[in-house]
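The form predicted on its own is given below as one chain in structure tokens.
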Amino acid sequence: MVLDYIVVGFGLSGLSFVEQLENHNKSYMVYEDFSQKSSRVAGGLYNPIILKRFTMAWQASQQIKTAVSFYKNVETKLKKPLVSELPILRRFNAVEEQNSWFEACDKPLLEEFLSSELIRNTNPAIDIPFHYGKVKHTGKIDISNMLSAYAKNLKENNMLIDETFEYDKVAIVEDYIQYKEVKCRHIVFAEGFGVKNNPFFNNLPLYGNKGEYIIIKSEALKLKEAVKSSIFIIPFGNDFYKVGATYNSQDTSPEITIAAKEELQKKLEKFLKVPYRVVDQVAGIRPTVRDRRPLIGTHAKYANVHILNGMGSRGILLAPTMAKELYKYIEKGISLDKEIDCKRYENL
């Protein structure tokens, strides 16, 4: 038997592509060794706005519609609560920021998502001297639970193999790919930063950007919205909050660091006025591209070897749309946008 696909990697990109295969009744096998953790440790917020500059992320107004519908469908499929609405409040550090917010609210692309009504802080646990701006239509995905539950279902149906993929065992024949005892028509690599070890695509300019979060518990904080200052505070229920994240392009080790913990605590304590304790810390390497666009497409030499990668820090929004684009490209020959096509780096 020849499968339609092998999918290597099962973070947000891998899951998103598998859903495309499910929706089109394709046969497949997933390989995942759980070495890449950026999807599993991410904050989980879906938000189309870059809150540092009050601008729309690339194509995010359409991506958010696709993504929310996608995750709600997965939620229904897995019969688990995964998607929740969660307002994001942007803490202003100066009157100038408030004025910039009002200017952004008047822009046609942003007015759907930015509230022009400033919100006065009523929580004595947080120092908010210049009010909040509210981002609308935002929320949170329980990514870790989603990936775990989906992977469990795949494993129970013998469609996920928990082992490190061995690239030297790939034999590319004219009509199919042989990997060990499995034959398939196509192989899609969705490995995140793990692609640096992949001989088919390790020439692409993807670099690691390490992100670390701390998990805190504070009975006095009583926060019901996500708050963005220099860092995010994201409520997770039962007085637990995820705080982060750091951005470090120099360190691509998977281990948590004391330096990141201290950095996050220092930023947190600039505006948090109540006691808290750190109960956990997590780290992951975001797969980032220098032009901040995904890497999607087909190997220059092998027509049935493909890549779905480079989602950076916005994988929640990007992955469902990019998986759909890649599927249409492979199965229907619909051209990829030049901005995301990995061919833009063929001459490197």
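What you see is a predicted model; the values in this text were computed from it and never measured. One rule holds for the numbers: they count along the sequence shown, beginning at 1.
The form predicted in complex with a small molecule exists for this protein as well; it is not shown, and the discussion that follows is about that form.
Does the small molecule get within 4.5 angstroms of any non-hydrogen atom of G208 in the predicted complex? No, G208 is distant from the partner.
Is S35 part of the interface with the small molecule in the predicted complex - any heavy atom within 4.5 Å? Yes, S35 sits close enough to the small molecule in the predicted complex that at least one of its heavy atoms falls within 4.5 Å.
Although the small molecule is absent from this view, report whether A245 comes within 4.5 Å of it in the predicted complex, heavy atoms only. Yes, contact at 4.5 Å.
4.5 Å heavy atom contact, K65 to the small molecule in the predicted complex: No, no contact at 4.5 Å.
Could you tell me which stretch in 210-218, 249-257, 150-158, 126-134 has residues with non-hydrogen atoms within 4.5 Å of the small molecule in the predicted complex? Partner-contacting stretch among the options: 210-218.
Please pick, from K26, R40, H299, R292, the one residue with any non-hydrogen atom lying within 4.5 angstroms of the small molecule in the predicted complex. In short, R40.
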